Structures are given as C-alpha cells and as structure tokens.
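Just the one chain here, the form predicted on its own, laid out as structure tokens.
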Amino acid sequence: MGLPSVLAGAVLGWALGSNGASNCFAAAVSTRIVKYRTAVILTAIFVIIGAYAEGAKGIFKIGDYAYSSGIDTSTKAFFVMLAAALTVTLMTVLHLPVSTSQAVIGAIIGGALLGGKPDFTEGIKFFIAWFATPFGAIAISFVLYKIFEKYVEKSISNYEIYDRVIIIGYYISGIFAAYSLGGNNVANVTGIYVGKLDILSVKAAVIIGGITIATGVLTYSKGVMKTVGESLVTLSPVSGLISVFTSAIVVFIYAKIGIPVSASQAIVGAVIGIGLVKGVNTISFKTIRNIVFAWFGTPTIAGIISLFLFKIFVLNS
C-alpha cells in the first residue's frame, strides 16, 4: 500500500487538530480576550512550526513501538491509523477532548493482539505518561495560580496595565501551547510510518503531520474548544491564562522527552487545579465525568475497532 496508507494518518491529523486546538486558546476565546478566528489561525501556524522543530523524538518512539508490536507492513499501519482516526473523530463529534496518543497506542495494541505481538513492556512508559500528565498539570496550575495571586496581582495596581498583561499573556501562552501541541503530537499522526517501516522520512513526517493537524484546527475545532473553555470551570481571565500556560509547560516537557501525551488531559488537569484553588463548587463534575470516561474509553474503542479491521481486512487477505 505504501504512501496511500499515509491517508489514514492524515485523517487522524485532521481529527487531532479538531480536538486538540481547544487546548491552546479555549480559555482566551471563552473569556472573549481573543477572537475565535484569530485563535485558530495562530494555532495552525505554530502547530506546524512546533511539529517541524520538536517532532522528531516522538516520531521515532511511536514508529519503533508500532514495529516491535508487529505493525510491520503499510497495510497494517493503514488500519491502525484508520481505527485511531475513527475513534478521535467520534469523540470530536461528541465534543469530548481526548488523547490522540491513547487512540494510537490502543489501535496498535488492538491490531497486535491478533498477531500475538503486543509490546506491553515497552508500552508502560506511555501508560505512565498518560496518568502523570493530568496530575502533574493539577499540581503545577495550583502552585502557579497561588503565586500569581500573591505576587503579580498585588504588585499591579493600575487596571489598564493589569489588563494589558493578561491579554499579552494569553497570546504568549496560546502560541506556546500550539507550538508544544505540534511538537508533541505530530508523532501520533505520522510516527508509525517512520523508522523500520520506512514509508516516510522524518522531515516528510513532521511536515505532513503538522499541516494535517493545522487543517483540523482551521475547520472543525469550535465544539471541543467550547467544552474545555466554558464547561469545566467558571474561568476568570487569570485562571484561564494560568491553565493554558500550565498545559503548554507539561506538553512541552514531554515533547523534549519524546513521549506523545494528551494536551487535552493537560489542560483539563490545569483547569481542575485552578478549580481547587477557587473552590470545588466552581468545577463541573458532570463534564469531568464525561471526559474521564472518554480517557478510558478512547484506547479501548480504538483497540476494538483496530482488532475488527485487522480481522476483516488483514487476516482474511
């Protein structure tokens, strides 16, 4: 199948952009500091830049993991990515922010089960990162919000200057988040095609992945952005700013490590951390329940879809 198999990755990239764009400017849009149109354009641009500059490490980790789990042909890679893309698209239609990384790993494991080669030992590092991401974000946002309250807010008495600091902070944080999103998550889109499978070069993988994510950002990101920005917690301008900046920090750290994680989990964890500072009554537990269900359901659904696709199209071919 060769290069045509990359089409499934392109679909996943679109779904990732549609779903993951919420993590960059959702708070800024919901507090009406940044217009939606401006937010998606900036996100698309810096997703591509981040993918090109930071994406190589994660690309190799996903590619090596897939190959060691028996995804060793372009046909198998196509159905793995198709299963992940269908899963993330479903969650996006339902306006639930989810982990594309979980969808990809779940799909790899689902397909590998039929061949008897799921690499659970190597997969542990991905599983640990999934759980560490939201809890790390909760802790960081809690501390940052406390520091901001104590030192920054009290030191700026002029409201005009204060508002300007917040607005500039939103733009910087959103751009940083988009850059981190591209750098960390491009591996989910095209990493499976790099390395021993050798369908794409690293340069081609980061460019194709970045462009497809940006396309999703520009075309279908509004629903999930609204869920994250408005439904989780009653966001003030300051709390929204801290949540985005925290998410960007967490995702950027994992981009440097080379493990793709969920920007959605990071932003949700950050918003919850701020909610704990402001009081638990500000947190929408119904929305959190739905998102937690999506977190656990994503790899499971992707794995089941992948297993069935492999059984129908790969084993019977």
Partner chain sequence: MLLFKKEREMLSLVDKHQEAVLECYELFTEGLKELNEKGLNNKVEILAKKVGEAESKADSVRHEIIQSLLKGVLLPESRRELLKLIELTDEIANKCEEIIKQICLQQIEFMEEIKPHIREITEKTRIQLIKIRELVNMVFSNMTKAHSLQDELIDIERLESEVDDEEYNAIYKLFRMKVELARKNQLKSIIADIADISDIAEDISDMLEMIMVLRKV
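Positions refer to the first chain, counted from 1. What we label the rigid core is the largest C-alpha set whose atoms superpose within 1.5 Å from one form to the other. Here the structure is a predicted model, which is why all the values come from computation and not from measurement.
What comes next is about the form predicted in complex with the partner chain, which does not appear here.
Mapping the unseen interface onto this chain, residue 196 falls outside it, with no heavy atom inside 4.5 Å of the partner chain in the model of the complex.
Shown alone here, residue 163 lies within 4.5 Å of the partner chain in the model of the complex, counting heavy atoms only. Although the partner is absent here, residue 142 is not a contact residue: none of its heavy atoms lies within 4.5 angstroms of the partner chain in the model of the complex.
Although the partner is absent from this view, residue 202 stays clear of the partner chain in the model of the complex, with no non-hydrogen atom inside 4.5 angstroms. The candidate stretches are 69-77, 128-136, 101-109, 155-163, and the one lying within 4.5 Å of the partner chain in the model of the complex by heavy atoms is 155-163. This chain is displayed alone, yet in the model of the complex one of 48, 249, 33, 272 has a heavy atom within 4.5 Å of the partner chain; that residue is 33. This chain is displayed alone, yet in the model of the complex one of 167, 218, 114, 207 has a heavy atom within 4.5 Å of the partner chain; that residue is 167.
Contacts to the partner chain in the model of the complex (heavy atom within 4.5 Å) from stretch 187-225: none. Once the rigid core is overlaid between this form and the one not shown, residue 274 counts among the residues whose Cα shifts by 2 Å or more.
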